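Just the one chain here, the form predicted on its own, laid out as structure tokens.
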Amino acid sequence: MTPRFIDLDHLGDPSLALDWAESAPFPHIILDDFLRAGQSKVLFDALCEEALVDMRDEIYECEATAVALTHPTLRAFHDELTSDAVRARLRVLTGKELTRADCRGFVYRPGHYLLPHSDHQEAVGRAVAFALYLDTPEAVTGGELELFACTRDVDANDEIVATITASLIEPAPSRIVLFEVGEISLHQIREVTAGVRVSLSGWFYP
């Protein structure tokens, strides 16, 4: 069956595995034109029909859908993202056997942010995080995904003692970022100062 949303040829580029392995500060990949032409807007329009709730705690402020997407278009995208064809290509890219993924929509408006964190929870078992950015009617200022290189103290149980910015990734429409989840996969979403940042994001699991 021909994929509706995802450009499998682009995802199947064998050179991506080397890019993943050699990337710093931890394995990650940036893929532009991940979606087929026109599908970013299709997904955005569907997300506009999905209920959003305000989310706030000590490290973030944003809006998000429920954990389980309900719009038929969004569910169809999730089914394609977790299909055998996509997971086979991700296995080659990341070297990881991935069995499933969750996915929800996130909206960051001016003043919204996500402070540094790693996504790593031993009991949860997240393996690869992803964020797919969608077309929006308002161009976004800010909202970059910032990856940090960490210095750890081996004499203090490998506690992180210093960080520096290693990569700053703009939320360009139809771009997907995937990165390995681990104890030092420290990242944040910089504060949005204008426009709106919209993504479909989640994690793949072993």
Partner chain sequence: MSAGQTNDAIAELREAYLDMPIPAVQWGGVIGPSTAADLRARVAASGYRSFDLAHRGRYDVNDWLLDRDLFATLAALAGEISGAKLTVGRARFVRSVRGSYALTRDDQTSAPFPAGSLELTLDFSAAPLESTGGEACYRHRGQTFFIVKPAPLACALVARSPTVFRYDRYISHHAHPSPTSELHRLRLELLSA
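Residue numbers count along the first chain shown, from 1. Model, not experiment: these values are computed from the prediction.
Beyond the structure shown, there is the form predicted in complex with the partner chain, which is absent from this document and is the topic of what follows.
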**OP:** Find the only residue in Ala37, Val161, Val67, Ala51 having a heavy atom within 4.5 Å of the partner chain in the model of the complex.
**Re:** Val161
**OP:** Could you work out which of Leu115, Ala76, Val92, Ala127 is the residue within 4.5 angstroms of the partner chain in the model of the complex, going by heavy atoms?
**Re:** Leu115
Original post:
Counting only heavy atoms and a 4.5 Å cutoff, which of 168-176, 58-66, 40-48, 26-34 contacts the partner chain in the model of the complex?
Top reply: 58-66
**OP:** Answer yes or no: in the model of the complex, does the partner chain come within 4.5 Å of a heavy atom in every one of Leu81, Ser83 and Gly182?
**Re:** no
Original post:
Just to confirm, Leu11 within 4.5 Å of the partner chain in the model of the complex by heavy atoms?
Top reply: no
Original post:
Is there a heavy atom of Glu191 lying 4.5 Å or less from a heavy atom of the partner chain in the model of the complex?
Top reply: yes
Subject >> Exercise: Pro72 in contact with the partner chain in the model of the complex, heavy atom 4.5 Å >> reply: no
Original post:
Looking in the model of the complex, any heavy atom of Leu186 within 4.5 Å of the partner chain?
Top reply: yes
Subject >> Within 4.5 Å of the partner chain in the model of the complex: residues from 123-152 (heavy atom criterion) >> reply: Phe148
